[in-house]
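Single chain ahead, by itself, as structure tokens, in the form predicted alone.
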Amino acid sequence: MKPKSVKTYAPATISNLGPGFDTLGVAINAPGDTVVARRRSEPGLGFSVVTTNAGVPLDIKKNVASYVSTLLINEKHPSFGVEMILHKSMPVGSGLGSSAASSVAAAVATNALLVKPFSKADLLPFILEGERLACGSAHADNAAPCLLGGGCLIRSYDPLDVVPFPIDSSLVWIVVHPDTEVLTKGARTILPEQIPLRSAIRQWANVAGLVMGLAEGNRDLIRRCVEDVVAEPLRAKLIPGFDDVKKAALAAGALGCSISGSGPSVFAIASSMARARLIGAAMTKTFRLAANIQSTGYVSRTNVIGARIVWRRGS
């Protein structure tokens, strides 16, 4: 029997990983968003939001969680409705896959209540429509790892082709979120429609090398390949203190450092948990000293599970 109520959790993600614009992403353990959903006798969706974050849409037609849940309900036409509460912990415009986390948590919760649910992977097209609503682009580099866990390569969007790849367990991710906002839609508009062939060759070589380096735990290869010659040079100016923070991370021993998604969060990769904590402290200190901005740091090994059901109740 299917549960009558569920609680789900969807984790933050780091997308692009430097050179992999719209093609690479990885799930981390925290922060994340939570959804509690239950069956109800009235058809359709009832929706509410619990959050202290500004800028989270409360309108059922504008929030990505309610939008994705409605798409699933309209697709399956269950004999019951769904009452959903989004506990929105992640800030909007963080560069941590905030919209993806809300969409994924809602999709997994709604799906768990259905009599004939979709497979986990088959939820991805619905979740991408949430990304389209949020920023105008149905990009999967946050959504796929948030849903599936681990590292994901988006080989193609038409047709959608997501290739999970392993990440060596010794590697540790650091993400520092400064107290400022960069909206994905705006950060995408400053990027060029065309780039020089030389830049393209360097970029796709870095993507291939980085995937190999992460899978093998090849630290030297990771150092050489966390290099973005397309988006970072343009987006860095949107993040106060970015250049100094990157220098501080590398000086503290980071294998690589770049912008997480569209920013303003900045990520780094470390070879151990102890080293990661030192790098995170150096990055938060530099945001404060170089840009007079407070920031929050997260240190995490790769989240290999992705979105999960925290509990199920009733039958």
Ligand code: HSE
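Remember, predicted model here, so these are calculated numbers, not experimental data. Quick note: we count residues from 1 along the sequence shown, nothing fancier.
Unshown form predicted in complex with the ligand; subsequent notes refer to it.
Student: Spell out, yes or no, whether the shortest heavy atom distance between Y298 and the ligand in the predicted complex is within 4.5 Å.
Tutor: Result no; Y298 lies far from the ligand in the predicted complex.
Student: I'd like to know whether S262 contacts the ligand in the predicted complex, with contact meaning heavy atoms within 4.5 angstroms.
Tutor: Yes, S262 sits close enough to the ligand in the predicted complex that at least one of its heavy atoms falls within 4.5 Å.
Student: Can N142 be called a contact residue for the ligand in the predicted complex at 4.5 Å between heavy atoms?
Tutor: Yes, N142 is a contact residue.
Student: Can any non-hydrogen atom of K76 be found within 4.5 angstroms of the ligand in the predicted complex?
Tutor: No, K76 is distant from the partner.
Student: Considering non-hydrogen atoms and a 4.5 Å limit, which listed residue (K120, H87, R188, R223) is close to the ligand in the predicted complex?
Tutor: Of the candidates K120, H87, R188, R223, R188 is the one lying within 4.5 Å of the ligand in the predicted complex.
Student: Just one of 28 to 36, 286 to 294, 254 to 262, 267 to 275 has residues with a heavy atom within 4.5 Å of the ligand in the predicted complex, so point it out.
Tutor: Result for this chain: 254 to 262.
Student: Though the partner is not shown here, which residues of 8 to 30 have a heavy atom within 4.5 Å of the ligand in the predicted complex?
Tutor: If the 4.5 Å heavy-atom criterion is applied to the ligand in the predicted complex, 8 to 30 yields S15, N16, F21, D22.
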